[in-house]
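Before any questions on binding or motion, here is one chain by itself as structure tokens, the form predicted on its own.
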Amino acid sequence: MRERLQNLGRVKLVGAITLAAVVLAVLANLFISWLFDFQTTWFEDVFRAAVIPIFLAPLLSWYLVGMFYLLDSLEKDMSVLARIDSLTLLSNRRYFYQQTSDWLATESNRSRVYAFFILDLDFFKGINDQHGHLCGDKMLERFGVVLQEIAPSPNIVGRLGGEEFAVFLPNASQQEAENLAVRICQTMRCSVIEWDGEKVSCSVSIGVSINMNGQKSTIENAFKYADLALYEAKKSGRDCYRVYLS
């Protein structure tokens, strides 16, 4: 019903409300005249019943319809804010977990292999300290764009918080996951942003877990194994990826 009202548009919706008001007013007036045997002509009944709604209904309904469209727009905005990280435009932590958990719970995805990435921008605190948080925000935005371009749908990409990101690859083999990790590392290694006349760059470390979607599979387990792999990547000097086979 809401979609039909939205498709009508504000002018058509006000017109429809006005027409409905006129028809109802005419019918009600004719019924009352018949019930109480008022001595008026049919034309007088219709004219009197129609004139009042024609003037009043648009004035009242225009404001009410406007409020309906405003509330609908605000509801959509709130829905987006509840799901999307405002800085990077990626899924926020809550929505990322919801999407991945839904995939794991789907019966047709049982026994399928999937990959889970945890990605951490290397020495990101140094960028904030040296160039300021606005520069850090720009680097986060840039990394969000990189992930969206390299890992588009049906992959699920999210920002977990701070400089930590995650990627969920449904139906991905180990080789496919490693190829993607290599591309992300290479792209960020060569990615540079301009800030106050300086060129600022940032590499990324990636932990990858390869998982089988079994009866007891949870995104928390995939996260745990990917986190262990990320720890190994950082121990190995950063700017690289490591894989944990769960």
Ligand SMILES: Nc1nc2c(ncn2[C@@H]2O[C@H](COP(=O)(O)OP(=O)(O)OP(=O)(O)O)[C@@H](O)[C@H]2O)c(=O)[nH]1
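Computed from a predicted structure; not experimentally measured. Start at 1 and count along the sequence shown; that's the residue number.
Although not depicted, the form predicted together with this ligand is the subject of the following passage.
Student: Could you superimpose the pocket C-alphas so that this ligand sits on this ligand-free chain as it does in the predicted bound form, and then tell me whether the site is open or blocked by the 2.4 Å backbone/C-beta test with a threshold of 3 atoms?
Tutor: Judged by the transferred pose of this ligand in the predicted bound form, this form is open (no ligand atom within 2.4 Å of backbone or C-beta).
Student: If you check in the predicted bound form, is residue 95 within 4.5 Å of this ligand, heavy atoms only?
Tutor: Because no heavy atom of residue 95 falls inside 4.5 Å of this ligand in the predicted bound form, the answer is no.
Student: How about residue 158 - does it come within 4.5 Å of this ligand in the predicted bound form, if we only consider non-hydrogen atoms?
Tutor: No - in the predicted bound form, heavy atoms of residue 158 and this ligand never come within 4.5 Å of each other.
Student: Should residue 128 be counted as a contact of this ligand in the predicted bound form, where contact means heavy atoms within 4.5 Å?
Tutor: Flag for residue 128 set to yes.
Student: Taking heavy atoms only, is residue 12 within 4.5 angstroms of this ligand in the predicted bound form?
Tutor: Heavy-atom contact with this ligand at 4.5 Å: absent for residue 12.
Student: Which residue, 121, 104, 150, 169, is the contact with this ligand in the predicted bound form, using a 4.5 Å heavy atom cutoff?
Tutor: Exactly one listed residue reaches within 4.5 Å, namely 121.
Student: Look at the stretches 169-177, 150-158, 96-104, 131-139 and give the one with heavy atoms within 4.5 Å of this ligand in the predicted bound form.
Tutor: Going by heavy atoms within 4.5 Å, the stretch is 131-139.
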